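Encoded as structure tokens, the following chain is the form predicted on its own, with no partner shown.
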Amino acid sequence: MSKQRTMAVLTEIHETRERAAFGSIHHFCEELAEYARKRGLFFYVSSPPLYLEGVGYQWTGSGWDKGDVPPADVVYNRLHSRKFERSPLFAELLARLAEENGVMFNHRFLHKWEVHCHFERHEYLHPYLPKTALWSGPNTLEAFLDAFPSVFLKPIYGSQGRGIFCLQHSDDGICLRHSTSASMAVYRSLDAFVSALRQQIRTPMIIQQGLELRTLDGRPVDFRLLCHRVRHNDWRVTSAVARVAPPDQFVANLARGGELMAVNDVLRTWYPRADAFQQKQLLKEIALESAAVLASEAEGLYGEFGVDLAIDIHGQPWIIEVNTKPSKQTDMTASYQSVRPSAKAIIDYSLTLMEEKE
């Protein structure tokens, strides 16, 4: 009798006497469980400590039951803590998976600087990469401010648009805006700004060329394209949305108050129908190339990326960043009555990995 194929989602679990909660992916896990059942998979959700004890949560159709579970053939890593992925417990879990011949995909978070370095090795992506450098002091910053009308400073481990600075020259000095505050500060000199910055930052930063992005009602717009691996290094775009920044903000992340819109609706406000179609196709091609490059360059196995792109006022597309644990809140096809395409793509890729092992 053949062993039943088994898949697990690894994430943080908040347990109470009444229920278990899987944070921002709780409903997404229900969709994964429903589609896994249709595809004949044994499916459960677990955390690293529970997985090492052989314990997980199974979907009953109306709730999650805790119990003993078998080792998984494939694990989908949806841990939200970069720190935990560097812990001894995570290393122990990887060793256990290797002993049991299990496979994990979306191996770990990739930070902004290593993503940029991977892309830089591929010349055909260069036209879409904003000039970027690792923050090393005032000289680098001064060179960027001399070269570009605006400059961004971003924490390499940042997410959800947190901790980003936008700098611009002004008549009074250097104007600073923060992604998590509506306030603005002006520093009379670069040295004064750097001195203040050193007191605020606790993590490595990248410096990035500012872009004059296309806007809606003066609000910057970017695009999140969710890419899933199909087989080998073939990828497809499973969903795409536009995100419009709140008034007076320069980031469009939903966590910072960004508004979701359909990509076609945004592009049709900027271009005639044929040009809008061509721009959308180009965005998809860049996203797929980005996913394929990262999957081939980064250590570990990846089956899902959220690729953020934008278009400047000259019609030039740019790669803004790539998320290795993309939010499940940006899928406009999500419905409590259906299984969204991205959930099906995760299960289908897991089945492909199992077939390749057999």
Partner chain sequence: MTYTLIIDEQQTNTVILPATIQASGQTSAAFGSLVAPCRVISSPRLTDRVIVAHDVARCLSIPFAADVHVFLTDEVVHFGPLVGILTAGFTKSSHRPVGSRSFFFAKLLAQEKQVGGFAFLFGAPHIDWENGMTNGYFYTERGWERHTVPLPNVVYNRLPNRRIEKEETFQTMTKRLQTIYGIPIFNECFFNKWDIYRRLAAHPKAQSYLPATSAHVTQHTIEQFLARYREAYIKPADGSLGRGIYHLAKKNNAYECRFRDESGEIQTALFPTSMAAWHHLLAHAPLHRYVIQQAIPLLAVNGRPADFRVHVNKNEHGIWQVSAIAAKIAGKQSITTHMNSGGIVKTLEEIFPDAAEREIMLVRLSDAALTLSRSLDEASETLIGEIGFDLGVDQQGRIWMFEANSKPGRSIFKHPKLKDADERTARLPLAYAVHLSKTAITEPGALWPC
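What you see is a predicted model, and the numbers here were worked out from it, not measured in a lab. Positions refer to the first chain, counted from 1.
Omitted here: the form predicted in complex with its partner chain. The next part is about that form.
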query	finding
Heavy atom within 4.5 Å of its partner chain in the predicted complex - the one residue of Ser87, Thr140, Ser181, Gln281 that qualifies	Gln281
Residue (of Gly315, Gly67, Gly63, Pro70) lying close to its partner chain in the predicted complex, criterion heavy atoms within 4.5 Å	Gly315
Full three-residue contact with its partner chain in the predicted complex, heavy atom 4.5 Å, for Glu123, Arg231 and Ile286	yes
Interface stretch in the predicted complex with its partner chain - options 37-45, 286-294, 22-30, 54-62, non-hydrogen atom within 4.5 Å	286-294
4.5 Å heavy atom contact, Pro149 and its partner chain in the predicted complex	no
Partner proximity in the predicted complex: Pro272 to its partner chain, non-hydrogen atom cutoff 4.5 Å	no
Any non-hydrogen atom of Tyr128 within 4.5 angstroms of its partner chain in the predicted complex	yes
